[in-house]
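Only one chain is included here, represented as structure tokens and corresponding to the form predicted alone.
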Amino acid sequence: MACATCHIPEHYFTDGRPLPIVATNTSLSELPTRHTPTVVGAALHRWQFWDGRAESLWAQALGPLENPLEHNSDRLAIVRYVLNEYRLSYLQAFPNSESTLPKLERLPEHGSPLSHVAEYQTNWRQLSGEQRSEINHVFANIGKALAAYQAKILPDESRFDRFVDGLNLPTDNQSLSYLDLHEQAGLKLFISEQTGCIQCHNGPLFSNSDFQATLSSAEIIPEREGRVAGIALAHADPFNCRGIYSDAPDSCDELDFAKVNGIELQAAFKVPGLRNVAKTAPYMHDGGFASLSEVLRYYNQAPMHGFSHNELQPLRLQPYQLKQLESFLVALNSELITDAYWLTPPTPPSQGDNS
């Protein structure tokens, strides 16, 4: 499968499914348990994945490539493909790297320290340290190229933004027309103490980029899952900001000072941004809710699950107020600021085409 199998431009770079499809050639019986988040604005978040196990967009891009439930490939095969098909483009993007490229003719076809195929793990262990490092450098650069593309996928301004801009201009009487009275009432609820929405959904993306335990009525979550597991994986990741493949090993404050344990990390997942939230159904980390109205009813009731840590508090809104709040969330819809060129898949290269 490709990245675009799950991150579909027509679906605001999600897949519209509760849970993603799996690679057709995998024999594993397990299934994915996390909903596909949108790529739009992903570069502006501090942490990646629902549990924050990657602290950069480029490190995140590498994970699915070797995940047997996603791309189901392996590190050496990916590096081999890129250098065979896009060598000139690669060298243009990463100059001064030609002398450190792996000598593919001396390497096996497949190899990875993470593969579920025993032969591929054996192939990786039999490589020298220098060969592994050369492969990993190209692999890391592939992640950086993917991240550079994803960083272009950004939301344009919404009607809400134009409404706020107009409020700051004393002569702009048109501002109030950007949101109708129903949506304005929803905005007042959104920023009110009663709902507390902005405690988590604040800032330009309407996300604090933090992790909260709001659970889901459709799932029982082990206490060691979520952020408490994600931060441990982020520290162990050889492609994190402390690794030799990082471009900025001295800029690691987020990772260095992130809390690594505590009850508030248990079953906590990343707060998603709300821009274009009406376009990215279904919702929650497990895709358990099919519509915004379902999510709002869940938050309104805030059912207890008997879990040791739950940050939900009932909103106690009336039905008409829930509709107003939903109307405001829809007003956060916008087009993409991204040039259409980046949203159109290129023609697949012919064999050996290095253009």
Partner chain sequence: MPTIQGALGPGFQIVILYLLLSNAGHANDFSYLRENDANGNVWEIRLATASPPLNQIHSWYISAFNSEGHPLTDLTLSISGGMRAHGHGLPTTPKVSAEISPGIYQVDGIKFQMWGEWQVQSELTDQHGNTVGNHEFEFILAP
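Everything quoted here is computed from the prediction, not taken from an experiment. Positions refer to the first chain, counted from 1.
There is another form of this protein, the form predicted together with its partner chain, and it is not shown here; the text below is about that form.
The candidate site formed by 46, 202 and 208 is fully in contact with its partner chain in the predicted bound form, as each residue has a non-hydrogen atom within 4.5 angstroms of it.
None of 105, 98, 130, 253 but one reaches within 4.5 angstroms of its partner chain in the predicted bound form through a heavy atom, and that residue is 253. The listed set 93, 154, 167, 232 contains one residue whose heavy atoms approach its partner chain in the predicted bound form to within 4.5 Å, identified as 167. Of the stretches 279-287, 183-191, 105-113, 135-143, only 183-191 has residues with a heavy atom within 4.5 Å of its partner chain in the predicted bound form.
Residue contact with its partner chain in the predicted bound form: residue 258 places a heavy atom within 4.5 Å of it.
In the predicted bound form, its partner chain sits beyond 4.5 Å of every heavy atom of residue 266. Among heavy atoms of residue 163, some come within 4.5 Å of its partner chain in the predicted bound form. Remark: residue 176 counts among the residues lining its partner chain in the predicted bound form, judged by a heavy atom distance of 4.5 Å or less.
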